[in-house]
Every structure is written in C-alpha cells, then in structure tokens.
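Shown here is one chain on its own, the form predicted on its own, set out as structure tokens.
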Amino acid sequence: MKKKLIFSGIRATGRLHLGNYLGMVKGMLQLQEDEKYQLLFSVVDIHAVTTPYDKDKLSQRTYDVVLDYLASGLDPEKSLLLVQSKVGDLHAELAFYFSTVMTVARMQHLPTYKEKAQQHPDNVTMALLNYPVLMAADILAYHSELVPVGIDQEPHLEVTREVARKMNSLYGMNFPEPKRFATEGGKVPSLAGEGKMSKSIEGSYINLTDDLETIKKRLAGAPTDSGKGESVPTSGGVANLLQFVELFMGEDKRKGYEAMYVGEGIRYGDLKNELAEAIYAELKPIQKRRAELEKNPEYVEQVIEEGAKKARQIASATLAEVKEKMGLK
C-alpha cells in the first residue's frame, strides 16, 4: 500500500508555542505510528525572508524549531525532518518553473498578500508576491497529498492545486491536488482574549520552553470578568480560559468551572494556578528532552543533514521530471 505523504511547514520564528503544538504538531506526531502515512516536517526558513526579519537571529530561530520538533517526539527514523534552505536550490528552481503557469494578477488578489503588503508597505517584494508559488514547490516537490494548515492558508493551498492542475494539463505531470488536513487540536485560542495564539501578538502565547513561573505570569495577564454571571461566556478571555481548562484538565473539569460560574462564582486566581500546573505537567517531559538535545548538537546536526539528504533525493527527481517534460533537457 502506497503511503499518503503529509507535508507540514512551520516558519522559522523561534521556539514553538502551545498553539503550534496543540494545533498541529501533537496531532501530526500521533500519525507517526500510522502506516498509512509518511510525514514530512519542514522548518521553512526561506519563507521567513519574504517579510522583514533579523538576519542575525534566523539561524538560531530555525535551530530552535528543530529542537522543539525533536523534543515533542518527532522520530527521525519514522518521519522526515527538513530545514527548507538545505534544499533551497531545488525548491527555488521548481518554484520558478511553477511561476510560468501563474499570473501576477492571481497572486496579487490573494488575501494574505494584500494583508502583508499593508503591514509592510516598504517591503512589497517579488519574494512576497511569489510566496504561495514557493509554498507550492515545497509541497509538490514531494508529491504531498495532505497539508495540515489553518483555514487562513486555504487560499495558498488552492494556488498549489492550481499549479498542480496546470502542470499536469500542460506538461503531463502527475502531481496530486493536496487537501487541507485537520489534525486533532485545531485552533488554539489566544491568551489575549481574541483570535488564535500567535507569536506576533504579545501576551497571546505560552512557549513550550516556559517554566512554571513564566506560565503563571502569562496566564495572570489573560483577561477575565467578575467570575459570575447568568450564562457562561462563549467568546473572549473567559471562554478561552475554559477552553484551555478542557484541553489540559479535561471536559469534566471545564463543566465544573462552568457550574461555578453560574453558581457561587469562579476564583480566577485558583483557576489560573491550577491550569498553569496542568500545562507545565505536559510541557515538563518536552523540556527535559530538549535540554538533553541541547547537550548533543552533533546528533541534531546529523538529523538535519540526513533529512536534507533524503529530501534532496526526492525533490531532485521531481525537478528533473519537470524540466524534461517542459523541454529543458
């Protein structure tokens, strides 16, 4: 039975947070034991340079994501771990060929491009415009069939499907049209009260490397109310806290707090301390493994190099076929 390849990419923005872990990484790692799938975890450091970034910190931030992947349970014997720039020449060349079947107008209409152009009006570069085409190259280089991304990335994934259809139609390729894949966990709420957990919003996230006191401080800043009312809030800070209670302490615990909310009231100090302890209990084994990895950089570098070697073999074959069928012999 041929395995379905699942491609997952995380930008090199430094240490992973609970949103990354619960929203995608934890669910993906559970699939390592499922023989129906082959998993490819990529740290997409080239994508990080499409918007303003700190060149002096990029390498360390990339390395931090690799450490967090491995500490969270990624097994290099079962899954492929790839740092994008290690095969950047192949992905970039493939992206250029893919760009010949996509129009500038199509790229300019993407909502993410418009959003980033507004955020960084002095950095509206060709790299930003071509971001989705490079993403298509990342995915299709390995003939990936499933991609675990949020609904906000669906327009980019549709570009990948368009590239696949056009390359198949024009040049006789056999690229799959990858589908969005939802792992267990889904959207993880922000501690700031609105939206999802994000590194770009201060006070929004908890890092996988945070100790107990840091977790308590981050939770202390989460917005609440009086702790009592006629009905339990369905949005905002309180609703988000209750979602975290369910994620880390279970549904029964959440129902208990909801009963308190419409009854005698919730003491948020007690809730946040109990929640901090539960979060830290899950992160402690990850942090222990990470500390061991930090003492063994030779092993980490070996994993990176072996991942690049395996990925290069696959991507090279894809690129060669594309060039041949486009008449570039």
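Don't overthink the numbering: it's just position in the shown sequence, from 1. In this text, all values refer to a predicted model and were calculated from it rather than measured experimentally.
Separately, the form predicted together with a small molecule exists; it is not shown, and the next lines address it.
Residues within 4.5 angstroms of the small molecule in the predicted bound form, judged by any non-hydrogen atom, belong to 131-139 and to none of the other stretches in 219-227, 248-256, 131-139, 72-80.
Proximity of Gln153 to the small molecule in the predicted bound form falls within the 4.5 Å heavy atom cutoff.
Mapping the unseen interface onto this chain, Val149 counts among the residues with a heavy atom inside 4.5 Å of the small molecule in the predicted bound form. Taking the partner from elsewhere, Arg61 is found to have every heavy atom lying beyond 4.5 Å of the small molecule in the predicted bound form.
Contact between Gly9 and the small molecule in the predicted bound form is found at the 4.5 Å heavy atom cutoff. Scanning Ala276, Leu31, Ile286, Val44 against the small molecule in the predicted bound form with a 4.5 Å heavy atom cut-off leaves one residue, Val44.
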